[in-house]
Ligand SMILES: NC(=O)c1ccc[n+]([C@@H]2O[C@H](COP(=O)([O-])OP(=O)(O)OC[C@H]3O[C@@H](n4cnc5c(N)ncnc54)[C@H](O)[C@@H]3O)[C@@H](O)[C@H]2O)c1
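One chain comes next, on its own, written out as structure tokens in the form predicted on its own.
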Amino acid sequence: MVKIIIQGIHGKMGRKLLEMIEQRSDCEVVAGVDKFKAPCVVPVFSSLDECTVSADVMIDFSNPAATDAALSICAAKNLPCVICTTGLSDETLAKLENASKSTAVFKSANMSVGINLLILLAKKANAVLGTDFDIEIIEKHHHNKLDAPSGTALMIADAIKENASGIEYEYVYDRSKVRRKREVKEIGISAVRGGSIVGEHDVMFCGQDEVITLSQSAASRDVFANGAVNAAVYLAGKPAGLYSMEDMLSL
């Protein structure tokens, strides 16, 4: 039985994780971390440093500041962690890399299996289509999402960029400031915010007289919670290192 700590347990995703894990037989929530006070079936601490409950892994669905603080503690305690929080700064990402030298760290901007399959297909499409097709990424989320573009949109763009050969792609977020034609080396990334959209991502490959679009849409937060729990079970007991959905799914 994998023992899990949830950081951000009183948030929307934290509550969803708690509800989902209660229905599983291979893991259990033993504690939570959240600066806000609320009734809970497990003990909740205001910070991970104050947590006195031992566990096999932590799932972090909180905020960039809490994630940053938790990484050092996970490294010091050799506590594997699944990092699901987006909008992390370069400094926090560097701390994440450093923590992975001491403990197992699982990082993904999107825990959906569908998104990670989309990324694999996007890399394959770019390898086949090359610079004859322009790339545009459009992401859509609810009006409460703070970061833009989404971590997932950047994850898709980064995967295409790292997999590309012969061209150094550059990201363009706003075409209104410069009047010029589109460059071959550009990957356009657009963000839409509105209503209760859980998450939608389109990757467009636009060629002469032909457009190929890869799409993924999440109908509920369950897909992210389920992926995070599966990642936690996968990560428990793993040696120090940086892990991803590609590792878990063997993509």
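Only a predicted model underlies this, so the values are computations on that prediction, with no experimental measurement involved. A residue's number is simply how far along the shown sequence it sits, counting from 1.
Unshown form predicted together with the ligand; subsequent notes refer to it.
Student: Which listed residue (109, 118, 96, 137) meets the criterion of a heavy atom within 4.5 Å of the ligand in the predicted bound form?
Tutor: The residue in contact is 109.
Student: Within 4.5 Å, heavy atoms only, one stretch in 98 to 106, 173 to 181, 124 to 132, 78 to 86 touches the ligand in the predicted bound form. Which?
Tutor: In the other structure, the partner sits against 78 to 86.
Student: Hey, in the predicted bound form, does residue 46 get a heavy atom within 4.5 angstroms of the ligand?
Tutor: Yes, contact at 4.5 Å.
Student: Using the partner position in the predicted bound form, report whether residue 158 sits within 4.5 Å of the ligand, counting heavy atoms only.
Tutor: The answer is no: residue 158 has no heavy atom within 4.5 Å of the ligand.
Student: Taking heavy atoms and a 4.5 Å cut-off, does residue 11 contact the ligand in the predicted bound form?
Tutor: Yes, residue 11 lies within 4.5 Å of the ligand in the predicted bound form.
Student: Please tell me whether any heavy atom belonging to residue 63 falls inside 4.5 Å of a heavy atom of the ligand, as the geometry stands in the predicted bound form.
Tutor: Heavy-atom contact with the ligand at 4.5 Å: present for residue 63.
Student: Pull the contact list for 130 to 156: residues with a heavy atom within 4.5 Å of the ligand in the predicted bound form, in sequence order.
Tutor: 145, 147 sit within 4.5 Å of the partner.
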